[in-house]
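Single chain ahead, by itself, as structure tokens, in the form predicted on its own.
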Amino acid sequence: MSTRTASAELADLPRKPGGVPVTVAFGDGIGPEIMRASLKILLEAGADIAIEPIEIGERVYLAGNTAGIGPEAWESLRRTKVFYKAPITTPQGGGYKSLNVTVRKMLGLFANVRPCVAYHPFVATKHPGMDVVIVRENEEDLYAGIEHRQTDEVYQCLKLISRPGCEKIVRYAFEYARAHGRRKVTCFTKDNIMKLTDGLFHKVFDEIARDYPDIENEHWIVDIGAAKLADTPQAFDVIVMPNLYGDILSDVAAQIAGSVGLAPSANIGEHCAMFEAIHGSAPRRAGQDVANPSGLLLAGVMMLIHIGQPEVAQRVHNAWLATIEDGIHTYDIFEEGVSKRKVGTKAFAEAVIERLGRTPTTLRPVAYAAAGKPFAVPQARPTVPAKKELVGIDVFVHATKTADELAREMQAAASDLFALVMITNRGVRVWPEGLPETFCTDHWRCRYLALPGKQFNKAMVVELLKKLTEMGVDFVKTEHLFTFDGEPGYSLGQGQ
């Protein structure tokens, strides 16, 4: 952990009064080194920014704040609306929440944008022509972080997908593609299994794609899509995904392009934006002047475009490309016979500064200065309420008995209005007509549905749970079963 305060990290940086306010966190591990190097390059290139340093991360965690960020930092972020963040370290052990997830969700940063570009022949890659942008949903999915232990053997994590969340991220992907001259947007989901959650993401993708007839669209099941991405990334252009898939595959894409250490990311919301490298704080490399600042520097380039300084962004990015092209590399991408000089963090920054005003000759120069205005952050359309009817309930039970034994017990709680229709274990139907080969844990889902022609209501739920309590049944969770405009809002059991 660095002993210098965030304000002290600014001491040797060239600064001038005024400029666009930017909240800056120097982070932990290699964070302070790569942030100083990146800021020095940006400022030398003419970035018109006013830096507001904040303390977040390990120092704040260890002071007793389990979120890793305090009120003063939140105040700065909400005022400047622009966050340039170095990697931070989350202390080992339980009780500490991910600061990245906290900031993204608290500030509504729904879109995570990660360009993954190959720099052949100067950085080793098996895919010389790779140029893919991953657009990842950033707020929901399993990253809601809602987890429970329910029995001795079973834990759960809730996967939450919303229509507004899907609409915003999918529309952002198409708007990004249009603004940057991209030809195609691809959606990855696993809706052959998760038919409601991932099914909604796919459905919304298809709906919104119709609004962009100038852009090709396609959908892949995420497992084969990931295989195709790893093998033939040139088949893709912009890929939009739910949170978890996007998190995993953006790292995969960055690595097969050349190195995770080169990859930047932008986190975009309606009110604020955060820019960061995608790699971690690498505490083992801290203080050694060896870390590669490229990912954070390129995130700074994305930040400059966001705040309306594309000329400076272009100047920095082209100087960085010229440095890579000249073979001046940090240890992580240095390769004998390709690289010309191995340098540390500070020397790499100086090399980029020396090349300000230059453009690469082999790698393709960037041209942000001629780009159009940034597009507006998409908004979700109002949801039209459906006719919602309660038709049953799933009761989750902690029990160490057979499915048939549990069924006899649970049937005793039914009535002449509703019946026990199914029991599953880990999603697999085990009653009625279960198979003896199915492995079962101590966590069961017992589904009650209204009988044909009968109505189900919440008073019946209360009565059912009262009966189960009197019977000594250890129910650990319930889920109401609804239809929406007559369509079931719940999944079948596997094997049903």
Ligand code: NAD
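This structure is a prediction, so every number in the text was calculated from the model and none was measured. All residue numbers refer to positions in the sequence shown, first residue = 1.
The next section is about a form of this same protein that is not shown, the form predicted together with the ligand.
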{"property": "Which of 421 to 429, 203 to 211, 348 to 356, 327 to 335 lines the interface with the ligand in the model of the complex (heavy atom within 4.5 Å)", "result": "327 to 335"}
{"property": "Non-hydrogen atom contact residue 285 with the ligand in the model of the complex at 4.5 angstroms", "result": "yes"}
{"property": "Partner proximity in the model of the complex: residue 39 to the ligand, non-hydrogen atom cutoff 4.5 Å", "result": "no"}
{"property": "Partner contact for residue 279 in the model of the complex: the ligand, 4.5 angstroms, heavy atom", "result": "yes"}
{"property": "Non-hydrogen atom contact residue 89 with the ligand in the model of the complex at 4.5 angstroms", "result": "yes"}
{"property": "In the model of the complex, the residue from 317, 85, 171, 136 that sits within 4.5 Å of the ligand by heavy atoms", "result": "85"}
{"property": "Answer option from 297, 291, 185, 395, heavy atom within 4.5 Å of the ligand in the model of the complex", "result": "291"}
